[in-house]
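We give structure tokens for two forms of one protein chain below, kept apart as structure 1 and structure 2.
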Structure 1
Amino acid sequence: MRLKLGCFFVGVFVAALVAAALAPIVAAGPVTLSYANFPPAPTFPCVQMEQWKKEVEKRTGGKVAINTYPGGTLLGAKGMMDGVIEGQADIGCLCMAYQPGRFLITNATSLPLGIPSAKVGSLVLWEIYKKYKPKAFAKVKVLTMFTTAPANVMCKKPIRNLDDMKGTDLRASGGAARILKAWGANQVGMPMSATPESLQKGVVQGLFSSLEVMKDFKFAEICRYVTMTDTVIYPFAVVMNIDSWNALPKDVQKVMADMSVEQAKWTGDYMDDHVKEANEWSKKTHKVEFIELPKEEKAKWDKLLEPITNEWIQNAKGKGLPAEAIVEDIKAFTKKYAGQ
């Protein structure tokens, strides 16, 4: 009897040890990751962030939980890359146009080379990244890349020719300064979130950006004229802290890696559709006039931008990059994805 009782208590003790050992595993739950973004939640970089989060959580069967931080609540626009490298966030979304010298190769997609849409731009950007593997991304894992739709001029006054552009103060970021200068306008740098107040106070007369902001930021209430230039796109990247990436299970890594091109396409399609929606909303709700430049006038505007690409080539060559090849690749990938 004593032997049986002894065996019973030993069994209970062993079972308790096993349960105690398993308890932390059960309690640990899914891997939790932080994802920082800088624009407000309704804007397209944050919409794509929520889409990616939803798909990753679903496809990993609950192994991963992602907490998202839009609106610069965790990291700001210019500190995004370094913040992710330092581990302040596991994942971050950055606009490379804010640091043109740092992301020289991928920012070449924002040269005036005729990329016609966000979907085409996103796929071209990803191809350029894959082919050239820029050193700027050596300290992170790149999860995906995407671009805005082409930039156009939104203004309080109608701009129908180059004379109308002269001296106009327009909010713009990154390489747009060179573009606006070539057209005779003045670039004013500021966060997009500060632009509505600046428009109201007359600090700027308009802005140069992709047109989804006409609805997202309600710029259509103030900027009743849009001049269609379809000039350049702006590139974005979603990057992950390398230690956070290496700590993920292999099957989770595969899910994220397999989504790279898919997410670029999804974001491009969403952006292009959202621009169309914003344009229609602007016309219907605020009677915004969309100005199409006559062919000869548009050719004048485009001709003034040619030196920008030539100067980028000389600058990039001086830094040891195959500049002409990069530009030609952008043109070739654009034709490929635009179906030309």
Structure 2
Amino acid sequence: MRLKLGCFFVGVFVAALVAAALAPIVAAGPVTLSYANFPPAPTFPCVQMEQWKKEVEKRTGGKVAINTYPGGTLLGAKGMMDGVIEGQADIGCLCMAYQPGRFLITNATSLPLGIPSAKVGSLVLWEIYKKYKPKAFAKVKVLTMFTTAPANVMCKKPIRNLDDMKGTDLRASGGAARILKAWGANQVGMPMSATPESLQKGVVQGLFSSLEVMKDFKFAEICRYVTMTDTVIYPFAVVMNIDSWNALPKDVQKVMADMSVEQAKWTGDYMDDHVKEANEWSKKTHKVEFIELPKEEKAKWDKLLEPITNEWIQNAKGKGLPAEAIVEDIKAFTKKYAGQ
């Protein structure tokens, strides 16, 4: 009896200890994560961020709460990767074109290789990431990747041929910058988030990007002409601080990892649909003229882009990368996904 009573007290004591140890965990509620993004809330990188947040919170049954920071309120366009590595945000969304040398492999998807849509681009990019596991991402957990729809020229003046293009101040970043130079424009580099002010102030006359920005940034109010080139996509990545990732419960990690491709596809679909909607809106609301280049003219534009892929191959080879294989893979994956 005495022994039993002793055991009872020891049991109560141990239970109390365990309860005390667990109390802060239970009381702390869900794991809270910060998610930084550089452009304003209505733009597509932030729309996909909100979609991901909603799904993760739902699928983890409230175990995780994500606080989103659009508009560069936590980290800006160029500081995103390092900010996440340093833990200033748990998660961050970055446009790889803004640091072309740093993301050499994944930026190969923005070579003029004929990726026809954001959906195809996003799936191709994810395949390339998975296959080559670039060192640039060694210090983070990559949650997903996606791309824009192909880029076109938006301008204050009509651009109908290469002569119109010559010397025009146009904004673009990364691989797309090289393209504008090939066409004879005066390329000005800056992140998308800096573009509205530059257009307002007349620093640039237009820009080269996917067309959803005509609506999301209201560029159609200023740029009344679009020249259709459907040239290259811009790749994006969503990365997570490695310590924040390692601290997550395994089942939460699984929810996020399982969403990688799904999120890439969702974003691609959203982007492709949204471009169509933005084009209709631009025509209707601001009478924007969409200029289709005649066949012979388009052939001239395309010819000027031919050396670009070769240049990239030479540069990447010099850095010890299997450059030709990467380009061939991008073409093969594009064929696979465009055919579906």
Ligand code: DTR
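All residue numbers here refer to structure 1's sequence, counted from 1. Values in this document were obtained by computation on a predicted structure and should not be read as measured data. For the two forms, the rigid core is made up of the largest set of C-alpha atoms that agree within 1.5 Å on superposition.
Of structures 1 and 2, select the one representing the form predicted on its own.
Between the two, the form predicted on its own is shown as structure 1, not structure 2.
Note yes or no: does the Cα of Lys201 move by 2 Å or more between structures 1 and 2 after the core is superposed?
Yes, Lys201 moves 2 Å or more.
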